[in-house]
Structures are given as structure tokens and as C-alpha cells.
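Heads up, the chain below is alone and in the form predicted alone; it's given as C-alpha cells.
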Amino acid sequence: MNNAEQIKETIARIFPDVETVICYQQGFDGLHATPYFISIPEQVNKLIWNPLCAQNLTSYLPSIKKKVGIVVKGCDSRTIIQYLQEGLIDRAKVVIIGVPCTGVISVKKVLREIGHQPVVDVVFDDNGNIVVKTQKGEKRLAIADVCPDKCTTCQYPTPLVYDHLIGEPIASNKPKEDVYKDIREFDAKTLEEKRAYWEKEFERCIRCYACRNACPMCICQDSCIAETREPHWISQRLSLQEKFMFHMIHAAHLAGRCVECGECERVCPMDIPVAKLKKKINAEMKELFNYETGVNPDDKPPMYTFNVDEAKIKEHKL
């Protein structure tokens, strides 16, 4: 029995105890999956589970008050742990169906490989490949070559918290020292080079706020500083200065909270590497506080605590 069938069976078993189950179904074409809300067991037949299931579905949890079931990957489960740490969800009202993940695909990377042609069909083989069929033929791509950047360093392919685990746990085969390798390489640049890099990237930003809207930890959208006029920190102008201000505030508000799910980067229509900012702050949190977001439910996020003297911060000597 494959994982999709096991998920369906598990959902059927938990349904008397939950009102809704959040999972995935096929999207508008063969290359896209979309969130799927099951309210009766008979709807389970539309459920899919494959490398198209890239979205972090946990974003819905803080706003849902009834008892729900949810299908999560390893990276998604870190969001649930962070929610629990911050008191944003009630654990008793969430039934977690964990599914070990061998990697998802980046739709953007696949579309680039096929020249943005309309997709007729998509098939996954048993050798870790995706076969994309278009009107001009088909192209076989290794999933490892078209996965999001987060998958290349993933340390938690198996969910860290769950009520039901589908299949066998998977251990990460990615070196831990490579997680922040790209950040260390970027830090080696001069300040002028870093500034020029971000000016070039943010120049493309259209202030659509897709990165904020998709972020599971951006829970205060109704009073987001990007739109509030009390206080009035930034305007709606499309100047580079205003773009910088928004992205710096967004990153700062995720200090010690970003679970590196990559949703901000996945949804960016301008292909800006916005996750790099949050990942840089996570690297600092690891260095200064030995804290990794969404890993240990008993941890307290660094920004939720206060110590007069921090072990690795010598502000009194500045």
C-alpha cells in the first residue's frame, strides 16, 4: 500500500473525532497541488500525496477553532512546534498525520526546465524522477535537481511531532554543517557587495506581500506594520528604500521564529531569495543562543525570554 492510500485510511479512522482534515488535491494542471479541506470521509478519494505537495498547510491552524486533522511533512511539523511554543494553537484540537518526505519539487524550477510550456501531464517514476509531458513532448527530470533549496539541506525529513505516522521514519543524509553554508559564503562578501546584491534583488519587488501572506508565522496580518497607519512606519511607494524597510521588518519579526519552510520564497512572483534573510537570522540565533526554531516543544524562543547577561553577547563591553 502506498503512502496516499495509508493517509486515506488514517483519515477515515480519525473522522468521527475531527470536523475537517487539511490535506492536498490535484491543482489546475498536472504540475500543481492545492490545499484540500475534507469535511466528510467520502471526499477522501480526491486526496493526493506526491512531490507536488509542497505547501505548508499548517498556516491555516491558528485561525481554525474547531478540531481538525492535518497532513504534515517534516519541515511543516516545525511550524506546529513553534505554534505550541507561542501558544497559538491548542494541541488537543489538532490531529497530526505525519508523512516522512523524500523531497518536493519547485514548480518554478520545473517550468524553467520545460520553457514554461503548458503542462499536459506529470508522472513520477520509482527512480526519483518527474516526467513532465507537454504538447512538444516529455522531459524527464531528477527530483533532486528541481527541488526547493530547503530540501538540499533538510535535517528533518520525518515529522518531529505527530499522532499518526505514515510509513517508516526517514533519517536525514544531509550534513549538518551544510545547513548554513550559503550564509557563511554570503557573509564573506564585503558590505558593499552585500548592499549591491540586495539592492539588485529588492529592485524587482512589487510589494505584493505574497511572502508575508504565505508565511505561517506571520500571524498578525490584520495589524501588519506594512499597512497600518498607526504608527505609520512605511508608505505604499515603490521606492527601493520602502522595499528595504518592509523586508527588514519582516525578517526582524521572524527572529527566532522562522521555521525555514521556504513558503516566502516559493510564492514570490519575482523570484527574490527572501528566505535568505530569515535564514541569516536563524544562523545568528543558532550561534548566539544555540536555538533552532520549531525543533523542541519544551524550548522557549530567545525573543520570548530576557537575561541580564547573555552567555555569548557581551554588550556591556562594547
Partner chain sequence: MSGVAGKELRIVGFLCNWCSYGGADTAGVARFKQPTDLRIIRVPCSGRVDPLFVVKALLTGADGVLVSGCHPRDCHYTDGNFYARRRLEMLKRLLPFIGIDEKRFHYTWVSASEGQKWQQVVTDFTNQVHKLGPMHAKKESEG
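Residue numbers count along the first chain shown, from 1. Owing to the predicted nature of the structure, the values given are computational and were not obtained by experimental measurement. Between two forms, the rigid core is the largest collection of C-alphas that superpose within 1.5 Å.
What comes next is about the form predicted together with its partner chain, which is not displayed.
Trainee: May I ask you to check whether V123 falls inside a 4.5 Å heavy atom distance of its partner chain in the predicted complex?
Mentor: V123 lies outside the contact set for its partner chain.
Trainee: Classify L141 as contacting or not contacting its partner chain in the predicted complex by the rule of any non-hydrogen atom within 4.5 angstroms, answering yes or no.
Mentor: Residue-level check for L141: no, no contact with its partner chain.
Trainee: Using the partner position in the predicted complex, report whether L277 sits within 4.5 Å of its partner chain, counting heavy atoms only.
Mentor: Flag for L277 set to yes.
Trainee: Answer for E284 alone: is it within 4.5 Å of its partner chain in the predicted complex, judged on heavy atom distances?
Mentor: Yes, E284 is a contact residue.
Trainee: The chain here is shown without its partner chain. Which stretch in 126-134, 191-199, 164-172, 148-156 comes within 4.5 angstroms of it in the predicted complex, by heavy atom distance?
Mentor: Going by heavy atoms within 4.5 Å, the stretch is 191-199.
Trainee: Contact check in the predicted complex: I14, D17 and K93 versus its partner chain, with a cutoff of 4.5 Å between any heavy atoms. Do all three pass?
Mentor: Negative, none of the three is within 4.5 Å.
Trainee: Would you give me the residues of 238-269 that have any heavy atom within 4.5 Å of its partner chain in the predicted complex, in order from first to last?
Mentor: Those in contact are Q241, F244, M245, M248, I249, A252, H253, A255.
Trainee: Has the Cα of N307 moved 2 Å or more between the shown form and the other one, judged after a core fit?
Mentor: After core superposition, the displacement of the N307 C-alpha between the shown form and the other one reaches the 2 Å mark, so yes.
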